[in-house]
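The data below hold one chain only, encoded as structure tokens and taken in the form predicted on its own.
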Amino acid sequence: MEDAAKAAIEAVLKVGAKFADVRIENTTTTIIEISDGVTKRSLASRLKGAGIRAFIDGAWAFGQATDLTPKGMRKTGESVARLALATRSRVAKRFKIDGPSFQDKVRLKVKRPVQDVTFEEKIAFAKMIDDQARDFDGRVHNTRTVYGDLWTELYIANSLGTSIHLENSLPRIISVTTAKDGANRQRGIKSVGTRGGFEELETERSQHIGEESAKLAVDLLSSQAAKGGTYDVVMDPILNGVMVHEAFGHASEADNWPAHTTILEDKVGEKVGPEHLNLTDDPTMPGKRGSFEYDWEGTKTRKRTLVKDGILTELMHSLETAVLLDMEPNGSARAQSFMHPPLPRMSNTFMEPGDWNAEELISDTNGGILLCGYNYGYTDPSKGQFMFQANYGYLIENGELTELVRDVSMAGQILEVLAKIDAVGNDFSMEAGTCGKSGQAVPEMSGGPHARIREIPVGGA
């Protein structure tokens, strides 16, 4: 890998570009889908190749190579460099790429490498989860179980002197159950996703994820549609994480600043929430689906404190945005694969815990609603607007959880909503997911504690 990357970088610089970087990737992926006890899809694939970038005077060019010999990489590097030179006269702003260099080899320690587990064992595990959901209750109408894993070897090098070897392993299991009672149909979704080996799916919760999704679907059959209005809303950790990730995290990705596409554009160093609000993006957390030691530009990662005591203190940067905004790169550049250029992205994004006991937070709320989980939603980072439909909820009356409700959503403008968070719980949990941006999907986690928002619009049936 080193010789091939070196050949590409030398070729890019020889043509006349001022910066070059290379990502050489070898990834194996497994996807197994079972529906109603029948295997609908079983796929094992391999992705191997290199992404090469060239830069000069603000102009980028990007190319892909599957011929990983020094000769093949040199040829692709020359083509990419010529493209960068041809487009530099059209750039809006000229600048130089600079940053620290790193040399490291990171080996991911796992007990059961996913690539060593047989396909038969993976199918058997997925079928066991699907059978759990199907056998849970006679009202279960449909089940869908998806097992997935990914194993990646990645080499990153650039003309600044960076040379990084990385490994990653991401197993995941998802259970979706639909329950039916007459014309009433309800859906429950539960998942476990992590960073590690197959042993991460042999935990107690992972082994019973089918029962969890089936129980939720069956319970929702007895729920009532929520009535719209203005409520004091208590978010569970999942919905809290979704709000932080979607409505605030994307607005904190630094490529929004040059593009003028974020509600936070003039807010760095300014107050964006109450003093008890702290928001973080941290790729260094062990065992989390969004964790990695170096980003896809080879910059060492670290914890990013986006909001500290209510003040916007940090953004998520690539090498380019760090130069443009005169800030330090912090290892936030990510790409779906070698076929895509890296962009500033989140990793594990969450609200830091506060002082409130979760039970006390509920008992302190009257005429409110507890919203749990996430079905779908939308956000507009340029305006800060969002809408999220929760998976389900509970009315809070006189400090007690009462009626189970469904078809309930919350909406607002993120800076207005953050200002209304008056209580943050001392509990904490995270949920695995996949984040989309600019046609690229990357693994992530989001979460936090229970937290209360005063007087927010809630939509119902």
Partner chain sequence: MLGLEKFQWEVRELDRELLEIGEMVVKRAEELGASQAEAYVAASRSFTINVENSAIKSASEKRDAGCGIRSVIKNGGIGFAYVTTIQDGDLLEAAAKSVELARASVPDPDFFALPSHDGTYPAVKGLFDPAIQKLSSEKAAELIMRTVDATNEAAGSKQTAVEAQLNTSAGTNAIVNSLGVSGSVETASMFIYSSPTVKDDNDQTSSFEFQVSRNLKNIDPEWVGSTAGRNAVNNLGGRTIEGGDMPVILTPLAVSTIIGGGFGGAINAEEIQYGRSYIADALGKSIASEEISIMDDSHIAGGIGSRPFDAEGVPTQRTQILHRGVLKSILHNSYTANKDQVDNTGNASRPSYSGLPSISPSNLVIEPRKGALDDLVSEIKKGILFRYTGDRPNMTTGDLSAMVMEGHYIEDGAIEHSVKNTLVGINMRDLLQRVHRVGADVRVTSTVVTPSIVVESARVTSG
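Numbering follows the first chain given and starts at 1. Quantities reported herein were computed from a predicted structural model and do not represent experimental measurements.
Here the subject shifts to the form predicted together with its partner chain, a form of this protein not shown in this document.
Taking its partner chain in the model of the complex, would P70, D149 and T301 all count as contacting it (heavy atom within 4.5 Å)?
Negative, none of the three is within 4.5 Å.
Whether N398 contacts its partner chain in the model of the complex should be assessed with a 4.5 Å heavy atom distance threshold; does it?
Residue-level check for N398: no, no contact with its partner chain.
Considering non-hydrogen atoms and a 4.5 Å limit, does its partner chain approach P353 in the model of the complex?
No - in the model of the complex, heavy atoms of P353 and its partner chain never come within 4.5 Å of each other.
Is K267 close enough to its partner chain in the model of the complex to count, meaning some heavy atom within 4.5 Å?
No, K267 is distant from the partner.
Although its partner chain is absent from this view, report whether N426 comes within 4.5 Å of it in the model of the complex, heavy atoms only.
Contact check for N426: no, nothing within 4.5 Å of its partner chain in the model of the complex.
Out of I263, L306, I238, V114, which one falls within 4.5 Å of its partner chain in the model of the complex, going by heavy atoms?
The residue from I263, L306, I238, V114 that makes the contact is I263.
Which one of H165, H276, H141, K215 is close to its partner chain in the model of the complex, taking close to mean a heavy atom within 4.5 Å?
In short, H141.
Only one of these stretches, 151-159, 284-292, 382-390, 197-205, has heavy atoms within 4.5 Å of its partner chain in the model of the complex; which one is it?
It is 382-390 that comes within 4.5 Å of the partner.
Could you list which residues of 113-149 come within 4.5 Å of its partner chain in the model of the complex, counting heavy atoms only?
Residues within 4.5 Å: F119, E120, I123, K127, H141, N142, R144.
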